[in-house]
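Next comes just one chain, in structure tokens: the form predicted alone.
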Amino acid sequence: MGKILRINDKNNIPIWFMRQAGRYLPEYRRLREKKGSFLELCFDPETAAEVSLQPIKRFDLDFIILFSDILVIPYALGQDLQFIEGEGPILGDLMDLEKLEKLNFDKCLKKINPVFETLGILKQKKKSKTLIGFCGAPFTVMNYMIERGTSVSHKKILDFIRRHERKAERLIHILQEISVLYLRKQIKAGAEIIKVFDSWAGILSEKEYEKFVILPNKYINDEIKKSYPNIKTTFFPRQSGRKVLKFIEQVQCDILSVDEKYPKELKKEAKKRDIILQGNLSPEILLTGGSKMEKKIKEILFDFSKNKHIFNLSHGVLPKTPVHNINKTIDIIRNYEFNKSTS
């Protein structure tokens, strides 16, 4: 499984970046102009595979992540989806819950079959790299479905789970079921690691977090492990704060992505549970670059030096990030002398 097997080698630390394929790369922008819409790009297996491999060819990163989007699940469930330049995703009306519950999820996923074809191509081309498949966590996907796009206030989703709690539970159940099926199909197609992005986990109260973040993610992890015990599972309950400690108590994942703010006990707890920590350079610092970036990268390497660690960001690469800042980051990591710095 590529470099993940050498995770304890402190002089050979694995690296990849969330949203590592995308608009900051000139080769991506050229392809995107040719294809037109973002969804067309996602659903063209040859092109999506080429995009997935662009950062590998340029930077020789250790992991290939499938080029797709977390919102292909609502699209598969019949919710209209468009990506508008400068606005982001725009979703249509949500189908009645009664109709959603009666859907055949296998049939729904045929609508996004190109995703599995892309993974098949990447499996053939990945060489020694580790191939990551992914989905959005049920709460985060539900957030977009109810808000019908990106939101700052999250008023609609918070009203929905507080005023229509039973309906929210039913929708979460639908999403966790189709997510498990979707991830199993990704694994069958070639994914060696699966990652579950819960980008909006941090907006919930503790009680809501238990119900809408921990329990659905636990269900996904447990179901994947039942079917594929050797597949590595990664979760990213973004901006969870201290709630992340309860998360790893219940979600027995292999890898946990962390953002910039996490409780000091996390590193000790992760070590005790043999969880690999992944993160956590700020995308804004990566964008700015310079001596501040270099200092922060070294701080992160030192901070996580006693844990199993995959170097990554605290969220996705920003579109205006200079390519030379990525190169510089990789160069610093690969030339970092752990023994000298941690003695």
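Sequential numbering from 1, following the sequence displayed. Because the structure is a prediction, the values reported are computed rather than measured.
There is also a form predicted in complex with ligand 1CP; it is not shown, and the following applies to it.
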Exactly one of Phe235, Tyr144, Tyr182, Tyr209 comes within 4.5 Å of ligand 1CP in the predicted bound form through a heavy atom, and that residue is Tyr144
Ligand 1CP in the predicted bound form has a heavy atom of only one listed residue within 4.5 Å, and of Leu77, Leu71, Ile231, Ile174 that residue is Leu71
Within 4.5 Å of ligand 1CP in the predicted bound form: all of Phe67, Pro89 and Ser199, by heavy atom?
-> yes
Counting only heavy atoms and a 4.5 Å cutoff, which of 301-309, 58-66, 285-293, 271-279 contacts ligand 1CP in the predicted bound form?
-> 58-66
Distance check, Thr329 to ligand 1CP in the predicted bound form, heavy atom within 4.5 Å = no
So, in the predicted bound form, is Tyr219 in contact with ligand 1CP at a 4.5 angstroms heavy atom limit?
-> no
Any of the heavy atoms of Met18 lying within 4.5 Å of ligand 1CP in the predicted bound form?
-> yes
Look up in the predicted bound form whether Phe134 has a non-hydrogen atom within 4.5 angstroms of ligand 1CP, and give yes or no.
-> yes
Between 308-327 and ligand 1CP in the predicted bound form, list the residues on our side with a heavy atom within 4.5 Å.
-> His315
